[in-house]
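Single chain ahead, by itself, as structure tokens, in the form predicted on its own.
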């Protein structure tokens, strides 16, 4: 059974933003998550996470000058857990319906307030049997694409019986996809070593 970790609060065909149910508990960078649009399951890779004020005009202020431990701040100011929120962004990398997985963008975005689940190891293994999703990751726009690719492959390797063999196969696929970008390829390969 997958763990429900949040809800979609913003959605597009290319990805979604989810708010975590628990403060400071986003899934790790590169994790495979799942949400739905009706009966279509939409898979995403976590590409960014943040904790911020629920009021965009009010930034949090430092409160721990006289505290010895961070947890004391939350004990002294219990309202903080209601004034802050943790969100994460996911890049859509595939979708599925009736046990058939497709490694390309879904036909529609997920619904706002759809539940988001952290995929279990067997689901990650099933999704990453094909490495067709790598081209979507490599061509995504935004921050640290190569870091996201590396983190995704490291996370996925733990779901496979032979994680090293999975990473070797992924490295060969990356070599094909990044044939003209040797420096980028080498940087990713250095980050996915076990």
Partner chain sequence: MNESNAQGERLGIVVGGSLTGGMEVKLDSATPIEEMAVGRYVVIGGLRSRFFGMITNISLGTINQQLTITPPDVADPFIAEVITGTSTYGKLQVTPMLTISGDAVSLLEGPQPVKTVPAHFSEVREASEQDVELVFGREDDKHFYVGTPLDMETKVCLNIAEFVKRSNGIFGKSGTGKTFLTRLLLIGMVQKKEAANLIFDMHNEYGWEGTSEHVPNVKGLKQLFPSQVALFTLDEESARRRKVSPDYVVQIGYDAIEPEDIALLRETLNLTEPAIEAVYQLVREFGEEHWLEGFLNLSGDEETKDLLKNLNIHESSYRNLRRGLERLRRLPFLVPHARENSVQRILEYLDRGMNVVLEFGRYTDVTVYMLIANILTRRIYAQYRERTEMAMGEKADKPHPLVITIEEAHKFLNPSVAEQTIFGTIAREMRKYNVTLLVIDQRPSSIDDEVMSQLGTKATYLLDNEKDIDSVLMGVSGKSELKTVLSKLEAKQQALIFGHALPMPVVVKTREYGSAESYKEFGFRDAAELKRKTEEEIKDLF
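Numbering follows the first chain given and starts at 1. Quick caveat, the model's predicted, so the values are computed rather than measured.
Heads up, the form predicted together with the partner chain isn't pictured, but that's what we're talking about next.
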| said: Is residue 137 near the partner chain? Define near as a heavy atom within 4.5 Å, in the model of the complex. | reply: no
Check: So in the model of the complex, does any heavy atom of residue 5 sit within 4.5 Å of the partner chain?
Finding: no
In the model of the complex, residue 186 touching the partner chain (heavy atom, 4.5 Å): yes
Discussion item. With the partner left out here, check for me: in the model of the complex, does some heavy atom of residue 167 sit within 4.5 Å of the partner chain?
Written reply: yes
query: in the model of the complex, do 172, 176 and 190 all reach within 4.5 Å of the partner chain through at least one heavy atom apiece?
result: yes
Which of 123-131, 142-150, 59-67, 159-167 lies within 4.5 Å of the partner chain in the model of the complex, heavy atoms considered? The stretch 159-167
